[in-house]
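One chain comes next, on its own, written out as C-alpha cells in the form predicted on its own.
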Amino acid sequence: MFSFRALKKYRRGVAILWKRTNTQNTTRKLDIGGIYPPIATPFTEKEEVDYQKLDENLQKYSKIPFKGLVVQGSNGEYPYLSVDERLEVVRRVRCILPSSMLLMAGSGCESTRATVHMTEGMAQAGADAVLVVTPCFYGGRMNSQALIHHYTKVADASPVPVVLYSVPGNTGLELPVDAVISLSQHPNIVGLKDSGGDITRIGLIIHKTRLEDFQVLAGSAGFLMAAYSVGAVGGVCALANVLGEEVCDLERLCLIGHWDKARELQHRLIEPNTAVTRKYGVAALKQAMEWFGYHGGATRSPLQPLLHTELQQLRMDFSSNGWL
C-alpha cells in the first residue's frame, strides 16, 4: 500500500515544520508524532499472560509503519495485571521491538506515590516515555489543582518524558483544559493523549499550547482525521491493533494533504472503530484481532466474552465497510 520509508519521510518533514513553528523553547522535547496501537495483552486459558503469543504479535507489528507501541494502556487490561506483570510485559516488548520504534508505557496509578514508583519501574524496563492516566477513584476531588500537583510530581521524578492521558469514557473524568495548559509548560511533559473525541476541545488545547513544545495525540481512530485537521501530531488507536496499515495510511493522507481520500478512508474506519472501543470494548478488539491474524484471545475476568448477537454485529461492522 505504501512503504515504511515513505511514511518516515513524511513524518520527518512534518516534525521539522512543527519544530520550526515552535521556537519558544531552546531544549527540544521527544517527538511523539505518529501512530501507536495500544496493544492487547494475550492470556492463556488459565488467564496467565501468554508471552509467546505476545511475541508473535510484536513480530507482525514491527513490520507496520507505526511510530511505536503503547504498552499497558486501557486495551492492555492494565487494571487487571499485577505490578510485576505490568513491568514484565514492558520488558518483553522492549526486547522484541526494534530500537527505532518508541515504547510508551502506561504507568498511571491512583496515588501520586504509586505512579512515581511505577513510572520509574517502566523506565527501567525500557520505556522511552510513559502515558499517565488521570487518577479517578476520588473523582469529585480531582480538580485542576489536584491534577496539576499530581502530574507535576510525576514529571519531576520521571526519568523519561511524560504524556498526559485523558480518557473520560473509562475514568469518568476529563483532564481540564486549564490543567493541560499549565502542565504543557513542564519541561518533562511532552504531550497529551485525548480520548474524549471532542474536536473543539482538542483544537482549543492545541491553540492554547501553541507556544509550548507540546504535542497532542488523538485517542481513537474514529476522529483521527479531524484531530489532524486541527493540529494533532498522531494517534493512539485501538483499531490499529487490527487495521494497522490502514490507520497509518490515513495518517499519511492527512500529512500530505489528500483530504478527499483521507475522508473516504476515515468514513470506512468509523464503525469498526466504534465497535472495538465504545460499543463492545476490549473483548471485541481481541476477537477482531483473531479474524485478522493476530493473537487476541480471551479477556481476563471480570471482563466477559461477547454474546452471540454482539459477535454477529461486530462482524457486520467490519464486513459492511469492506474489511472482512
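A residue's number is simply how far along the shown sequence it sits, counting from 1. Predicted, not measured: the structure shown is a model, and the values here were computed from it.
The following text describes the form predicted together with another copy of the chain, which does not appear among the structures shown.
For the options 112, 182, 188, 152, the one in contact with another copy of the chain in the predicted bound form, meaning a heavy atom within 4.5 Å, is 112. Among residues of the shown chain, residue 74 is one whose heavy atoms approach another copy of the chain to within 4.5 Å in the predicted bound form.
Contact check for residue 319: every heavy atom lies farther than 4.5 Å from another copy of the chain in the predicted bound form. Contact check for residue 214: every heavy atom lies farther than 4.5 Å from another copy of the chain in the predicted bound form.
Put simply, residue 28 is far from another copy of the chain in the predicted bound form: not one heavy atom of it is within 4.5 Å. Of the candidate stretches 205-213, 120-128, 89-97, 239-247, only 205-213 contains residues with a heavy atom within 4.5 Å of another copy of the chain in the predicted bound form. Using a 4.5 Å heavy atom cutoff, none of 63, 176 and 253 lies near another copy of the chain in the predicted bound form. Contacts of stretch 227-260 with another copy of the chain in the predicted bound form, defined by any heavy atom lying within 4.5 Å, are made by 228, 229, 230, 231, 259, 260, listed in sequence order.
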